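Shown here is one chain on its own, the form predicted on its own, set out as structure tokens.
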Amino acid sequence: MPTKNDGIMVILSSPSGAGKTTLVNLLSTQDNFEISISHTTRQPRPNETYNKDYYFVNDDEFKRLINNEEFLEYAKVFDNYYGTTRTPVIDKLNKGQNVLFDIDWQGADQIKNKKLDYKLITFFILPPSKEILFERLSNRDMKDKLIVEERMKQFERDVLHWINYDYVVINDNLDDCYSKIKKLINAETTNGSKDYDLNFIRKHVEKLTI
């Protein structure tokens, strides 16, 4: 049974290339914050480690976990499955550890709909502009122009889900963005005052979707 000593859940979502994974890794350096490791059917990238970045599994294993109702959330993104298994997350929360999720809007919706008895704070990370996002995607491990174009088209769809999050933060400068998220988490957990301008975010989204 959840108690006030339990950990909190913090979800970070973003369109591909907006920086959520880097921010989740930064947040995990704080005391008592741990990243929830997802299962995925995609191939590891050169810099990724099994059991640290992801649990890399094949389609059959992923479908077995779906059939056994082991997932707290799962989604298919760019032809690959991603999902979070329930047991490790609940175990951590019950031990008072805060759990960070690096997941997309589909996964965030599923976790919200589970209505677990743990505090949940959700963040949507946006780039400062479409031009900068394109540059980041092109400079990443995506030399293939078609992949970059596909991600940009997906961005047009993903950005519309900003309204379903508690907070939207613009990743113009990584340190500033990280600091803003930390302050908002602290304000949420201590009932402190929140420095958050929804109208500013709404205008920024309008610029991104022109």
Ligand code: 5GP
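Computed from a predicted model, the values in this text were never measured in an experiment. We number the residues from 1 along the sequence you see.
Beyond what is shown, the protein has a form predicted together with this ligand; the following relates to that form.
Trainee: For Thr84, is any heavy atom within 4.5 Å of this ligand in the model of the complex, or not?
Mentor: Thr84: yes, in contact with this ligand in the model of the complex.
Trainee: Contact between Ser38 and this ligand in the model of the complex at 4.5 Å, heavy atoms?
Mentor: Result yes; Ser38 sits at the interface with this ligand in the model of the complex.
Trainee: Check whether Tyr55 has any heavy atom within 4.5 Å of a heavy atom of this ligand in the model of the complex, and answer yes or no.
Mentor: Result no; Tyr55 lies far from this ligand in the model of the complex.
Trainee: Is Ile121 close enough to touch this ligand in the model of the complex, meaning at least one heavy atom pair within 4.5 Å?
Mentor: Answer no; every heavy atom of Ile121 is more than 4.5 Å from this ligand in the model of the complex.
Trainee: Exactly one stretch in 27-35, 161-169, 181-189, 40-48 has heavy atoms within 4.5 Å of this ligand in the model of the complex; which is it?
Mentor: Looking at the partner contacts, the answer comes out as 40-48.
Trainee: Though the partner is not shown here, which residues of 64-101 have a heavy atom within 4.5 Å of this ligand in the model of the complex?
Mentor: Residues within 4.5 Å: Glu73, Ala75, Val77, Phe78, Tyr82, Gly83, Thr84.
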